[in-house]
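Consider the single chain below, provided in structure tokens and representing the form predicted alone.
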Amino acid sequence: MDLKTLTYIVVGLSFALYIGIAIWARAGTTKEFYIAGGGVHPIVNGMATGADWMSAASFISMAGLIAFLGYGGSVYLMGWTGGYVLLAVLLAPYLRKFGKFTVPEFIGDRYYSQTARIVAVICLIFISFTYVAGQMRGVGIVFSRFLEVDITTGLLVGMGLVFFYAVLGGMKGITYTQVAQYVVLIFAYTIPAVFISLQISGNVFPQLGLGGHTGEMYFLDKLNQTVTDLGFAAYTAGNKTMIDVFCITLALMAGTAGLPHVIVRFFTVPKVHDARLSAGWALVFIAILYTTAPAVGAMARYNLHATVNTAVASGGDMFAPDASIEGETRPEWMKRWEKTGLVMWEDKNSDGRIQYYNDQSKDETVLAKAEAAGWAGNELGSKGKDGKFEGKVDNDIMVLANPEIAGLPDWVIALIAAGGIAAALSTAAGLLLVISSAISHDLLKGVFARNISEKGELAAGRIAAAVAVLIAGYLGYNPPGFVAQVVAFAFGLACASLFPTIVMGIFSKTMNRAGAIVGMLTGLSFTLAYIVYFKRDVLLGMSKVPDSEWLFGISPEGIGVVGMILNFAVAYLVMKLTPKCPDHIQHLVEGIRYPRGAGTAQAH
């Protein structure tokens, strides 16, 4: 059976499973649509949270970032993992104690203000659509490569599937679908990693293989030697300033704790204790992938170099004429990925071979060797938006192409296709649901049509989800950057807007509505303006602003920390100048801070 047929079968079976679960778990009430009935078991919720959390960015793009950034990519691991701990300890139990359906509802009630609720909805929609763009982009990539359809067709298929189980099942359908998606994605991620670790280091555990030997050298030493000999920065060297590493990590942490689609998962368990318990289980499920990612990234980078330059594995001269592979006999995986434009080669010196090195290196020795060998520039990269060659391999292919580069069996390649789609769809569905909940429950039911019936609210939620799917599809077709970068912006916006407001809502009895509203708007507008200004070349097609102009040397990915500080500071100042928080709200905050149990699990 050929690879394409096998992939269709594996992906088709996974789709059939999701659709079957969605039909079984369709929502009949608003409570089931928004919070799955509120009786989800902690282990089930932990697994669903893991799938919700491990998005296309985690599955597809994170290891790709680590592969090309090396040590610098560790900020994503530290930030996302640390953020989850922050969420579990600092916010989840208290929000569950409050007992509402959505994050804007919490903010609206805590700050006794419909305006605060509307501002929170605006923040939520900004964050969720920024995030979902990355997920739909991941869906398009997987479909275009593995099912060999164009990205538009791939997006339409993905949109149709998400539409079906998000609109039909609401949170109840999404919860149980995500459990199945977690199982698919975790097997898809770890099985190739185990095979590749065995190939390179002989160790069945990728986490140990990363620190193991390949031949007589430590693997990381071998990788460092390979990349530096070709003019790239050492893999284990950092490539960011200390302040930027700190800010990106903190923005990802606080952003994680402020992400509405993750927070809302803790509203689905029956008791406060279960919220803590499910957070712990989610950490266990997430750790399986996150501890594997560094090995996947490093080994994918090594395999890519070893494929293009045969001297990497043999230990010979990498600048020898016959070390670079011939273009005509390049591997089949490279030809397949060329159809997506995410891999491309250009024979600059017309020798019929592919030379992959850093032609912008500041190492004169490397450049002199390349010139002496007749190399005329890096010849491996991807296709730019103008259709021309760009000298950079797309980060997003590294996980998906890894099994093909390593020559693993076809069933492993088919499995990783199903896993990539599962990761993207699970998070996209969660995001689309919080968007629809914000519109139908917070705006319609909470502000503009308070007397709407439950049936009408449920219909409004489904219509809002359908519209959100269409917008997400467009953003996936035309995303502002590659997957993980887009997602990083969403975390920055969440860090600057919702996180400080939620924290003050729980831990400050005196924070009032004026402070919260002005703080949210300040954090969101500052962070959004900074990102748009420094990413205007990607977002608006304008000339790029030099990185040297970054405020305090902080990149757009980390600027959410400054937005967060501004949010706290402005909120405090405004609070001091405006009427104090009412007494009954202060008593409410005290009640949140002392969580007690709430009922028993409900049957589904």
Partner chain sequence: MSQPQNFDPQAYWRATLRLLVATLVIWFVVSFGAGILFRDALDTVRIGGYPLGFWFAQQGSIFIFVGLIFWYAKRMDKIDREHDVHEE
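Predicted model, so just to flag it, every value in this text is computed and none were measured. Residue numbers count along the first chain shown, from 1.
Keep in mind that the form predicted in complex with its partner chain is missing from the display, and what follows is about it.
Contact with its partner chain in the predicted complex, defined as any heavy atom within 4.5 Å, is confined among 118-126, 232-240, 469-477, 427-435 to 232-240. Exactly one listed residue, out of Leu415, Ile531, Val227, Leu210, brings a non-hydrogen atom to within 4.5 Å of its partner chain in the predicted complex: Leu210. Site annotation in the predicted complex: the residue of Trp375, Phe389, Trp281, Phe164 reaching within 4.5 Å of its partner chain with a heavy atom is Trp281. The closest non-hydrogen atom of Glu326 lies beyond 4.5 Å of its partner chain in the predicted complex. Tyr290 belongs to the set of residues with a heavy atom inside 4.5 Å of its partner chain in the predicted complex. In the predicted complex, its partner chain sits within 4.5 Å of a heavy atom of Val89. For Tyr94, a non-hydrogen atom is located within 4.5 Å of its partner chain in the predicted complex, even though that partner is not displayed.
Contact with its partner chain in the predicted complex holds for none of Ala133, Ile141 and Gly523, as no heavy atom of theirs lies within 4.5 Å. Counting a residue when any of its non-hydrogen atoms is within 4.5 Å of its partner chain in the predicted complex, the hits in 243-263 run Val245, Phe246, Thr249, Leu250, Met253.
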